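Look below for two forms of one protein chain, each set out as structure tokens: first structure 1, then structure 2.
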Structure 1
Amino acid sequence: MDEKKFGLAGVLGWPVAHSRSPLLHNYWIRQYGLQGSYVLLPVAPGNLQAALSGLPALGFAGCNVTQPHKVEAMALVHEVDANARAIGAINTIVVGPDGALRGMNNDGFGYIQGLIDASPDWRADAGPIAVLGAGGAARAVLMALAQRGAKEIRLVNRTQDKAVALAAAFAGLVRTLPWESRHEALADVAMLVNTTNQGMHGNPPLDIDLRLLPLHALVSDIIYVPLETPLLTQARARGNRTVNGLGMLMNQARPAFQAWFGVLPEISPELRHLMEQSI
């Protein structure tokens, strides 16, 4: 095998054992007849700079970046595209021919496309949107919602200072509420979005009371392990439409795969079924 034609990529985070990205990307590698592999890259906090510096030497075409490194990694790459800079976090790194690292963020694209795939009539301007969490994923979700025409976003986070700092980038579109007001924040919204890790496998369920949430509101959770978090189960039981995070994962992966392997892959029904069965 020609080493120079072997494409190597992976997902860098801590933890990453739960990630289904290797299943997704390796499926596409096989589907399109490419030589390569996509692997887990567990990198503990404190080791990020050393890990990123090693990517060119190890022959990587690039990697995805997941929690908790999305914000810190942006300061450690050589170039950041305009979209990622606006979001303030990266989720994809591409290694250039000269070894330079370029940061991108496809999370917002993936999030919106996942919503549209699941609910084709969804509109960002249908009414107020409540977003829980203010981490790297929340940054991408907020930017994408703003670009799609959202009129009012209520941002609720346990650490309000972090939410206030994030909201400052959105010129009045995003207003923050204290965590204690999260239940009341749901009154009259058209959509609720969970970007926290609460409800993810191994974490406690999200502590939220849905009684004030309108029944027509869409409930979106960016978590995909499990496919149905306690939040989505609770919302579905009361009659709300729900969308899990699998569509976001698969859609954000498409431009990353294209940047590394030169092919824009498609999400087939077979692939979606394979991903669902793995969870």
Structure 2
Amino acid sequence: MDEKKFGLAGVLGWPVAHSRSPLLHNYWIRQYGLQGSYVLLPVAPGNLQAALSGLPALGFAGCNVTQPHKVEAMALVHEVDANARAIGAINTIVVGPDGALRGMNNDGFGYIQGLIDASPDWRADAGPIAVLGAGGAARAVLMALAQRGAKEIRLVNRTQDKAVALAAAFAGLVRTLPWESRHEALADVAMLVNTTNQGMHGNPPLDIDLRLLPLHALVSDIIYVPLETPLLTQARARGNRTVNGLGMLMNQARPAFQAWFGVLPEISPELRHLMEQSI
């Protein structure tokens, strides 16, 4: 085997053993007839700098970065693209030929592409959008919705101060509402997005009353474990279209794979099925 042609990438996080990314990337490595491997990189907090500086010497084409390192890693790479800088976090690193580390963030791309795959006629400007949550993922989702031409976003977070701080970057587009108003925030919306961790495996369901949510509204939950959160079950039962977070996960991986291995991979029905089976 030609070692120079062997592509190596991985996902760096803590904990990381639960990650579905190896399944995804190793499937594509096989599908496109490449030589390489995508591995788990469990890196404890405190070891991030040492781990990143070792990537070029270890022959890595790059890696994904996940919790808790997404923000700190941004300060440790040599270059950060404009999109990642605007989001304030990176989720992908590409090692350049000279060993320089370049940070990107594909979460917003993955989010929008996941929506379009599931609902091809989706438009960001179809009406007001309610976004619940103001954590790291919310920032990428808001940025992507703004870039796609959203006209009005109502941002609701348990800790309203965090929502206010986030909304400041989107003056005129994002309005914050107190957590107690989350039920009323759904009136007239074209879409509801959950970016909180409520409803994720191990957490209680999101506490929200959907009575005011129009039946034509799309309900998007970025959680993918479980594939159908209690929010999505409730929304589907009353007739709303729903989209889970698996499409976001799979689509954010595509530009990263392209940057490392030179091929923009496709999500085949077989791959989607394999990923669903893994959850």
Ligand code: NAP
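On a predicted model such as this, the values are computed, not experimentally measured, just so you know. Structure 1's sequence is the ruler for residue numbers, which start at 1. In this text, rigid core is short for the largest set of C-alphas that superpose within 1.5 Å between two forms.
Of the two forms shown, structure 1 is the one predicted alone. Once you line up the core between structure 1 and structure 2, the Cα of residue 58 ends up 2 Å or more from where it was. Once the cores line up, the CA of residue 78 ends up 2 angstroms or more apart between structure 1 and structure 2. Core-superposed comparison between structure 1 and structure 2: CA of residue 30 displaced by 2 Å or more.
Core-superposed comparison between structure 1 and structure 2: residue 94 shows a Cα shift of 2.7 Å. The rigid core superposition between structure 1 and structure 2 gives a CA shift for residue 48 of 4.7 Å.
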